[in-house]
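Presented below, as structure tokens, is a lone chain in the form predicted on its own.
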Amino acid sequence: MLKKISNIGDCGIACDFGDEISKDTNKEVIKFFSFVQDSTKAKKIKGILNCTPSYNKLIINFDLEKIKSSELIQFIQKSDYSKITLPEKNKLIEIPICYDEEFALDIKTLEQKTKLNFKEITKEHLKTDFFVYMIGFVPGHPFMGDLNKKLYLNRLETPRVRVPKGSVGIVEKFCNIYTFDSPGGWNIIGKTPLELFNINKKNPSILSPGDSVQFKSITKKELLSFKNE
């Protein structure tokens, strides 16, 4: 349920659904996101430039020359998006992952802090049915939950300047995949050869908020010979 709307500078608003991070809350964000998109396409609202959903918020950026913040907020407050229906079943994507020590950069730290051995850690990770809460940070980069508490870890005290593309990381209840070489402070558990984002494709990002992900273990040899279709 939408709890409050706040201005972000001159050309943006934040629609806040509360502090809780859960599937139910996130589905409300996605439902509202769909409503704003549909309203824009149907020309019921003008000047919308971009909508960015997160765990529990939706950021809307708009063209100040076409619509004012007060007009947009008034439109939202008078609208009923509760009738928007989401697909019963979103995509289930299987993502290959190699847990070879060459790619599992923080496996020793994981073993030490979780008190689990390598086999137990990978077993917990593989049996998790991950829910895609949001895409962000860099293009196509997914933030997924919900890990078993056995694997909960804080961020690295000193973030890496460069995390290799394809690296799979975990922090607290979440798992992510680095779609580009980039800085990062997540605990790296393995690597996927699957290209999650390709700007040259009609649908650049394989994953979308609301999708489900399951990981499948592969060997280093399989990773090196993997071909993206």
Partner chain sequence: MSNYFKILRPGINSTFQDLGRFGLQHLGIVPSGCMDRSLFYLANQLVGNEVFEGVLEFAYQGPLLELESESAEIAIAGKVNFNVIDKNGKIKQGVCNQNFCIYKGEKIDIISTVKSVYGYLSISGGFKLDKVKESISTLVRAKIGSNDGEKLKLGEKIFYNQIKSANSKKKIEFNFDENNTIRVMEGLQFSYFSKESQKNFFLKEYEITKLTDRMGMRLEGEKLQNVISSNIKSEGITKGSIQVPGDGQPIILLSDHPTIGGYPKIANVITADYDKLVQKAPGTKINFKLVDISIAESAFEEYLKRLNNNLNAIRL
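Positions refer to the first chain, counted from 1. If you're wondering where the values come from, they're calculated on a predicted model, not measured in any experiment.
Omitted here: the form predicted in complex with its partner chain. The next part is about that form.
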Practice task
Please run the contact check for G169 against its partner chain in the predicted complex: heavy atoms, 4.5 angstroms, yes or no?
Solution key: no
Exercise for the section: With heavy atoms only and a cut-off of 4.5 Å, decide whether I95 touches its partner chain in the predicted complex. Expected result: no
Problem - Contact flag, I59 vs its partner chain in the predicted complex, heavy atom cut 4.5 Å - result: yes
Exercise for the section: May I ask you to check whether F103 falls inside a 4.5 Å heavy atom distance of its partner chain in the predicted complex? Expected result: no
Exercise for the section: Decide if the three candidate residues I107, Q112 and K220 all line its partner chain in the predicted complex, where lining means a heavy atom within 4.5 Å. Expected result: no
Exercise for the section: With its partner chain left out of view, choose which of Y81, F137, F118, F75 has a non-hydrogen atom within 4.5 angstroms of it in the predicted complex. Expected result: F137
Exercise for the section: Can you tell me which bits of 184-207 touch its partner chain in the predicted complex, meaning any heavy atom within 4.5 Å? Expected result: F197, I199, K201, K202, N203, P204, S205, L207
